[in-house]
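This document starts with one chain, in the form predicted alone, laid out as structure tokens.
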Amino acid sequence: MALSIEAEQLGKKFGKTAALSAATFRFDGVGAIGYLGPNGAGKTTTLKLLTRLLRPSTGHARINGTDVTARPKEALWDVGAVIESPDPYPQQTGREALQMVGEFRGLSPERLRDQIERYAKLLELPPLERRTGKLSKGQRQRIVLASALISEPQIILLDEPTSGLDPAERVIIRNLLVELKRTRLILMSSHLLPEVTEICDRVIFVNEGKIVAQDTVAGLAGRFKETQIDVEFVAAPAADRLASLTGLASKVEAVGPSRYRLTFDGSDEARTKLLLACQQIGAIRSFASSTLSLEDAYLKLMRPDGQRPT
């Protein structure tokens, strides 16, 4: 079956406020798409329209070519979704929560048992006999994700799937999504550009309810060619020793007691020269590209002068 997710002039108003305006995109086949934007940009609204949790004010949402509003059962039968971080019923055990969803999905008892064990391992779930109300947020979130995946849906819609998780939990979910995208079509919202870069093949930027850019991750990387490096010395160097960076970096900015941000032209040659120069200044604890936040990436895309709005 051909896989596709499509929005055609999709819009949603709440009173006079437009939460989403004329969103248009289409993705076919397997892979992962990152849906990026700040809080309130329209990401969750879009996912709710794609799953019929909301009805559109304008336009159409289609899954595998089927209109979600007109024929929801047909459109969504092979969709797994986690939107707005729902919690399982606190009195249920983890196993009961997964069994309930599996039974709703029509899995046989044998198949359901095997799937529960499979995702317990893949997502490193806590002991399944514990009541979910006594679990941490991250543990509950992994159980909810397992419930969305337990029927092996071919279309997966996720609303900030790693929000609020610790680094180890993020790695577990990232690794699973990287594996799943080989055979599924995933659309995931996020405000974390590094996370999307690690998981996704394509990206959509949305802001104030409007899609402002669509591109491949490689294309995005080309637009935002990294021109900043953070270097941290074991001990803070004397100011006069930093003079050797003049000419190699257009700007040297202190961002900590022994950490500096170096702005340069982004070339590999300049990066190598900067590393050698820093090694002459003093022992280095770390030397790495400065991580782009979503806000910084968005400002670079939409505001070439890089200035923050006032």
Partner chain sequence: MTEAVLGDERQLLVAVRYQLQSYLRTYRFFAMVAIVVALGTTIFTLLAYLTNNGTLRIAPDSSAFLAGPAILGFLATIVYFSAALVGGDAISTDFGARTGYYTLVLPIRRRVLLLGRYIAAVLTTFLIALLYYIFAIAMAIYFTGGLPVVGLVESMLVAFLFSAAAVALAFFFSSLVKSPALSILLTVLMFFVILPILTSVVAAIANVEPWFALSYAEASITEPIVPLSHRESGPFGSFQPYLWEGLVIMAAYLVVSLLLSYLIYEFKESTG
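The structure displayed is predicted, hence computed values, not measured ones. Residue numbers count along the first chain shown, from 1.
We do not show the form predicted in complex with the partner chain, though everything after this point is about it.
Trainee: Is it true that G138, L187 and E195 each have at least one non-hydrogen atom within 4.5 Å of the partner chain in the model of the complex?
Mentor: Heavy-atom distance to the partner chain in the model of the complex: none of the three under 4.5 Å.
Trainee: Which pick from N175, Q154, Q214, S163 sits with a heavy atom within 4.5 Å of the partner chain in the model of the complex?
Mentor: Answer to the contact question: Q154.
Trainee: Which listed residue (K251, R285, R55, R26) meets the criterion of a heavy atom within 4.5 Å of the partner chain in the model of the complex?
Mentor: Selected option: R55.
Trainee: Please identify, from 200-208, 167-175, 228-236, 75-83, the stretch that has a heavy atom within 4.5 Å of the partner chain in the model of the complex.
Mentor: This holds for exactly one stretch, 75-83.
Trainee: Would you check, heavy atoms only and a 4.5 Å threshold, whether K48 touches the partner chain in the model of the complex?
Mentor: Answer yes; at least one heavy atom of K48 falls within 4.5 Å of the partner chain in the model of the complex.
Trainee: Does R131 reach the partner chain in the model of the complex, with heavy atoms at most 4.5 Å apart?
Mentor: Contact with the partner chain, yes.
Trainee: In the model of the complex, does P127 have a heavy atom within 4.5 Å of the partner chain?
Mentor: Heavy-atom contact with the partner chain at 4.5 Å: absent for P127.
Trainee: In the model of the complex, does G219 have a heavy atom within 4.5 Å of the partner chain?
Mentor: Although the partner chain is absent here, G219 would stay clear of it in the model of the complex, with no heavy atoms inside 4.5 Å.
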